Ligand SMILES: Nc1ncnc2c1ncn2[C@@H]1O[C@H](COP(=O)(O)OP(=O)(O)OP(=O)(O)O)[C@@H](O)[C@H]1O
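Next up: just one chain, as structure tokens, the form predicted alone.
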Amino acid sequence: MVVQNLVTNAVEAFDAGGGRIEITVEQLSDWVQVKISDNGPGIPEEIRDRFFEAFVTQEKQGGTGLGTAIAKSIIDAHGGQIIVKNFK
């Protein structure tokens, strides 16, 4: 559910021309690191610090602003960590 949500968010942020999403998985001693990256427009600066809070959204059609908050709660419940980085 976590990966599905993050990939869906990336796809919805692409413009009409589409884009590229890359998922990599790497074993790091006792951790597994999953990276999801895309060449979309990035997360607007005004919501970046609150991206994983409930009801924070990028004004998507039909979005509730709950997807990333739920994804973070699932990862937290399993002792993981989720971070967001913009490279734009």
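In this text, all values refer to a predicted model and were calculated from it rather than measured experimentally. Sequential numbering from 1, following the sequence displayed.
Keep in mind that the form predicted in complex with the named molecule is missing from the display, and what follows is about it.
Shown alone here, Asp76 lies farther than 4.5 Å from the named molecule in the predicted bound form, counting heavy atoms only. In the predicted bound form, the named molecule sits within 4.5 Å of a heavy atom belonging to Leu66. Contact check for Val34: every heavy atom lies farther than 4.5 Å from the named molecule in the predicted bound form. In the predicted bound form, no heavy atom of Glu22 sits within 4.5 Å of the named molecule. Residues Asn5, Asn9, Ala10, Glu12, Ala13 of 1-33 are found to place at least one heavy atom within 4.5 Å of the named molecule in the predicted bound form.
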